[in-house]
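This document starts with one chain, in the form predicted alone, laid out as structure tokens.
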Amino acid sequence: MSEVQLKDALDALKSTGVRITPQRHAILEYMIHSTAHPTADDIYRALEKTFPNMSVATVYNNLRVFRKAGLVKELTYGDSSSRFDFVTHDHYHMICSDCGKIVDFHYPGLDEVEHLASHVTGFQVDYHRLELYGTCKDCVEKPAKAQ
């Protein structure tokens, strides 16, 4: 599946005149395979051995290109670094309040909320974002730190 996603994403970029550099290809491939919603720094650290001349700015610039092309979503959380999510389908996020881990989930019933909100308010809904916060299994199972 991810090879098809990569080909489709590369084709979408090419159709808008974006040149596919080796770094751009690697960043996009990393995003497609990642389930961790990485930061630009995470991506840089994962690829720096393969591309020693690549900078964090290169990663940010490519993520901006991907965002404008509709291939990734930028997830912002206050003061912390933005995280990036390869866009494959509408989904929501469960976020660990302790370690920051983000896990995707889908709930189709929320599509009805958009229609209801539009009907009740008269707004044209452009999008919605749902995030639930809690403690992930790993953090729950961590032994309590000695005080």
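By rigid core we mean the largest C-alpha set that fits within 1.5 Å across both forms. Note that this is a predicted model, so its numbers are computed, not measured. Throughout, we count residues from 1 along the sequence that is shown.
Just so it is clear, the following notes concern the form predicted together with a further copy of the same chain, a form of the same protein that is not shown.
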query	finding
Location of a further copy of the same chain contact in the model of the complex, chosen stretch of 35-43, 22-30, 49-57, 92-100 [non-hydrogen atom, 4.5 Å]	92-100
Partner contact for Val125 in the model of the complex: a further copy of the same chain, 4.5 angstroms, heavy atom	yes
Contact of Leu130 with a further copy of the same chain in the model of the complex (heavy atom, 4.5 Å)	yes
4.5 Å heavy atom contact, Val4 to a further copy of the same chain in the model of the complex	no
Heavy atom of Val113 within 4.5 Å of a further copy of the same chain in the model of the complex	yes
Core fit, then His115 C-alpha moves 2 Å or more between the shown form and the other one	yes
Core-aligned CA displacement of Gln124 at least 2 Å between the shown form and the other one	yes
